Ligand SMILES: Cc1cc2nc3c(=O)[nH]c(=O)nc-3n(C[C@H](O)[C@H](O)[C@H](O)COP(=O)(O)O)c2cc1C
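Heads up, the chain below is alone and in the form predicted alone; it's given as structure tokens.
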């Protein structure tokens, strides 16, 4: 497989993979490459506060899948998932184009389509359970985890990761650099990657994962990802979304001071990332 992909090409192609992976195990060379490149991330005073747990044991993956499915159902039934993330949901191409952010929920079972906005509304109550949406999402979450060839957990040293303190901020910055490295390297290897966040959002399930992985008390579990080689024939989840849209640089960047637009020559400069050679406009 190609491990020499141009950096800009990897950035262009980087996506979250919502679909199942090929059952093929990740090679030892690729696992080593992932870890070695991630450890090149900058860290405060070279503290290197991260440690990694590679999970390929089928029994542990199944246990993680069950925890992930249970977490999703509980978060949906209790309304926590919707109340926490409702502002990111988009239900039409027009709404998506207007904001150029969030996730466009574009794949929904036929019987739920007329009610999709209601299902993901703030006043959701027990509607998710009655309509079966929480059950569908939980089932898909469980299946997609249990069929992955590899999970990767990241923990941070609590001596460095102290939320509310500068060391906590710096640990979070290096964590972001590590994760972006993983995403770009998996892309270059024709692998996919997806954040499995739900177990970390339910306190007792987070503790179950920490026990399952034997995480020492001096480390904080901060992220779990599923990884594997892409399967071009994989079917999408029953309820699924896309998130390829991006705001333009004129929406994101101020010049010299907040509120001052960037100069026109910068706004209209040729994009070296999205140029005509790649058939993509310069705005996204």
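If you're wondering where the values come from, they're calculated on a predicted model, not measured in any experiment. Positions refer to the first chain, counted from 1.
Separately, the form predicted in complex with this ligand exists; it is not shown, and the next lines address it.
- Partner contact region in the model of the complex: 187-195, out of 146-154, 187-195, 165-173, 207-215, criterion any non-hydrogen atom within 4.5 Å of this ligand.
- By the criterion of a heavy atom within 4.5 Å, residue 103 is counted among the residues contacting this ligand in the model of the complex.
- Of the heavy atoms in residue 243, some are within 4.5 Å of this ligand in the model of the complex.
- Using a 4.5 angstroms threshold between heavy atoms, residue 16 counts as touching this ligand in the model of the complex.
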